[in-house]
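Take a look at this single chain, the form predicted alone, given in structure tokens.
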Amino acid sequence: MPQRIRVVDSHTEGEPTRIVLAGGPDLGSGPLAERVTRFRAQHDRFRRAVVDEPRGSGVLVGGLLVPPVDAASTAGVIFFDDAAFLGMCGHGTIGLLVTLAHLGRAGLGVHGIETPVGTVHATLRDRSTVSVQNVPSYRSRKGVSVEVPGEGNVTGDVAWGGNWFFLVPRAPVALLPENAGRLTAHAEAVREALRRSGVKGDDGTPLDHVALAGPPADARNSARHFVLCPGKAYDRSPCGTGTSATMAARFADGLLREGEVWRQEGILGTVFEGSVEAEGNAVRPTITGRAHIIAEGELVVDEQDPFAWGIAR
């Protein structure tokens, strides 16, 4: 019989999230860092089935709902996209909590959400608005330069916001949707140059997110950025972990104070509102955004289908 996977789809400020409620693999118990390792090693085709074509697309982020370790937590979740498993996902956490509220599994207030990189606390403010207190974030290295063929020398900061980022302060063209192709090509070239140069995160993982910054389109906001995610898709939202990394870098430079509001535009002009609190050598970011439910249903995986487990890329 075909396998059925129950899902709810949402979008957070334009970026889609698909939460798997039932039909996923049994990853056992224990810390989510261990469970994502099992997921990656033993069930990667499930990831592809959920987010790859023909059921998904490069822009879709999936989240497997799993039992939390701590009984006080509302949920555990493992996020992934068409290219990789994600440590944390800000827009996805907002979408997850709105999904749980839609299903009657979460009410207004603060909820612990366990991820492979730690527990975050998400506050459901109304049926679509969520604030996420992220994992501690920090800038690892400032002013790292790489030579990008055809582009010249590109300098940026290495920062952690739940995923590893290379933050480039100046984009090559205006940060507008009509320039998405040019921005994607540039960010891909920067990421490849980082790989060739051996520039990695502190834990040795590749810098698989590249953020290109520029001025906001709306003077009421603080900045705009374009974020290339693992693979070749760019974030349609302002990117929660990218906003966290950006605020951490600003704080390190003395350009953002504790409690000061930072309004981060994404490529579509939607906004995450953020702030930070100092925590040791890092900051604890909080981001607020909105998500909306767009679909409920079942994915059908039929072994007779040549693309049952997704189209390999």
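Note that the structure is a prediction, hence the values are computed from the model and not measured. For every residue, the number given is its place in the sequence shown, counted from 1.
The same protein also exists as the form predicted in complex with a small molecule; that form is not shown, yet it is the one meant from here on.
Using a 4.5 angstroms limit between non-hydrogen atoms, D235 touches the small molecule in the predicted bound form. Although the partner is absent from this view, H209 contacts the small molecule in the predicted bound form, with a non-hydrogen atom inside 4.5 angstroms.
A residue is said to contact a partner when one of its heavy atoms sits within 4.5 Å of a partner heavy atom; C89 meets this definition for the small molecule in the predicted bound form. In the predicted bound form, at least one heavy atom of N163 sits within 4.5 Å of the small molecule. Comment: the small molecule is not present in this chain, but in the predicted bound form one of A249, V283, V61, L64 has a heavy atom within 4.5 Å of it, namely V61. The partner is absent here; in the predicted bound form, the one residue of V77, A187, V98, C229 having a heavy atom within 4.5 Å of the small molecule is C229. Of the candidate stretches 117-125, 173-181, 67-75, 89-97, only 89-97 has residues with heavy atoms within 4.5 Å of the small molecule in the predicted bound form.
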